[in-house]
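Take a look at this one chain, the form predicted on its own, written out in structure tokens.
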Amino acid sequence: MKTTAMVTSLLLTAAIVVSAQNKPVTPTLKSTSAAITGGKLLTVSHGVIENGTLLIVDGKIAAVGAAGKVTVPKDAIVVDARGLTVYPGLIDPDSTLGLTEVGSDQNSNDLAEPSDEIMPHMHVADAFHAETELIPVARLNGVTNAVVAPGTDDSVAGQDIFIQLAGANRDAMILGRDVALAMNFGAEQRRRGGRGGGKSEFPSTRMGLITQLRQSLLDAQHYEATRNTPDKKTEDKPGEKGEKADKGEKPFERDLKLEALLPYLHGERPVVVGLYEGYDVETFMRVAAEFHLKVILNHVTRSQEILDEIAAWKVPVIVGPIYEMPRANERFDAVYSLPAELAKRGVKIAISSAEAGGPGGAHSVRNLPYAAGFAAAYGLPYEDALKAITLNVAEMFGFGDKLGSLDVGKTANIVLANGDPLDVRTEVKQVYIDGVVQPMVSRQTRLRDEYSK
């Protein structure tokens, strides 16, 4: 069935993909391979090949090289990419795709759990809606993968998933479950008391938030120690009041909340913590050091005064949203130039399309390449800007050996466009996911076609 699907997809590729000169490609033989020839290949990992050939076999990249140096199988479908730019599918490191549809309709929003501030046992995989209309919209702009995270209302919001923007069903689209733990620390998470000064069930100060987080981590450590203690059978002996003690101990009771924290306490997976202010970053990093957490900093858009500290911690950083107005005491480009300043200090960065975790975040994924382009315009080297939405993201979340660059053996998530991927004027002509050509259709294009008549 996989081979049949591949044959069908490649034949469809031949029918749809055209060169910049609009010369249609005519299929010849049925094949499970395709060769994209004559395009400008942005490999991300090993430079640019001006006139290159990329071979796809069974959904994987089988060969990449200059024209004439890659052997094209006789039965391969040849895709004429002259005049086009070929690059790996883009990856958004912080989205809410599949958790929201219409921001004003609460029934279509499944972003955050309001019943508790600490929800590490909440799994985004349980709520992911693969049929969202927002996925095709993002896919048409070259985005093939994304990290889906909960909203930012909670200080420990739940566990992220890593998705592919096409697949037979939702399970096929979820490439990684619980790939990271979403945390947030700042003003947004301080839930104030009830009206008229009534008692609040949640922390309303930064002190309360960080104390609650530290206690939760300590509780998880104690939980694990108790869980791992061998059962000790007590002997029959008089109790304090002369009665006999019960034989055996009380059965161990599982606590999903504390259990969910354990992989992160062991450094097996990263915690992605959303912070904005420099002093919040410093406060959280003290706790992270205390519990040896593997940290990915997220946002840090008001942390310019501690960039050297961030570099010294040697943690990766996700920057976004980049379109932030300056404060009264800041330069106009304080946030715009943040990726460049971090990269200058040797920090591995990713750039997201995020809009502060709200329902609008899913709608902005389509603008991911332009966020990277904006960072490049304000000093981030072009190669670093492209890596920030491809290879760096894949590596941060454990998919660096599968995605993010045009390398042999990686998944054939590939984009063909008529120009620079970071330029808003560029039009994406074709997208491949798992080597399968994707229909260049979304709700927006259908509405355009219907009403343009």
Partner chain sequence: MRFHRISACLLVGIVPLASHPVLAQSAAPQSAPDLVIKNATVMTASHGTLEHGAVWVHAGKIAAVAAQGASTGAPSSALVVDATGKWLTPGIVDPHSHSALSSDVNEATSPVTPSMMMIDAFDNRDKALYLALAGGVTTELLLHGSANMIGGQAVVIKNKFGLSRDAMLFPNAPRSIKFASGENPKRVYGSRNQLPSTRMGNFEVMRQSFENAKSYMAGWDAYNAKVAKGDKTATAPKVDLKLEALADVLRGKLYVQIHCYRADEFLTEEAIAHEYGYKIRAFHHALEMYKVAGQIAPENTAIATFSDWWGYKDEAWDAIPWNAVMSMRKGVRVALKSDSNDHIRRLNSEAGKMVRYGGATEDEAIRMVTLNPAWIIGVDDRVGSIDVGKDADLVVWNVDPLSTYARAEKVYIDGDLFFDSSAAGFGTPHFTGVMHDGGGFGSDDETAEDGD
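This structure is a prediction, so every number in the text was calculated from the model and none was measured. Residue numbers count along the first chain shown, from 1.
Another form, the form predicted in complex with its partner chain, is not on view; read the next lines as being about it.
You can rule out all but one of 181-189, 289-297, 215-223, 99-107: in the predicted bound form, only 99-107 has residues with a heavy atom within 4.5 Å of its partner chain. Its partner chain is not shown here, but in the predicted bound form it comes within 4.5 Å of a heavy atom of Thr426. Taking the partner from elsewhere, Arg302 is found to have a heavy atom lying within 4.5 Å of its partner chain in the predicted bound form.
Among residues of the shown chain, Asn367 is one whose heavy atoms approach its partner chain to within 4.5 Å in the predicted bound form. Contact check for Glu259: no non-hydrogen atom falls within 4.5 Å of its partner chain in the predicted bound form. Just one of Leu140, Ile210, Val315, Ala127 comes within 4.5 Å of its partner chain in the predicted bound form, counting any heavy atom, and that one is Leu140. In terms of contact with its partner chain in the predicted bound form, the residue from Val271, Ile118, Ile310, Leu134 that brings a heavy atom within 4.5 Å is Leu134. Contacts between 377-395 and its partner chain, taken as any heavy atom within 4.5 Å in the predicted bound form, involve Ala377, Tyr378, Tyr382.
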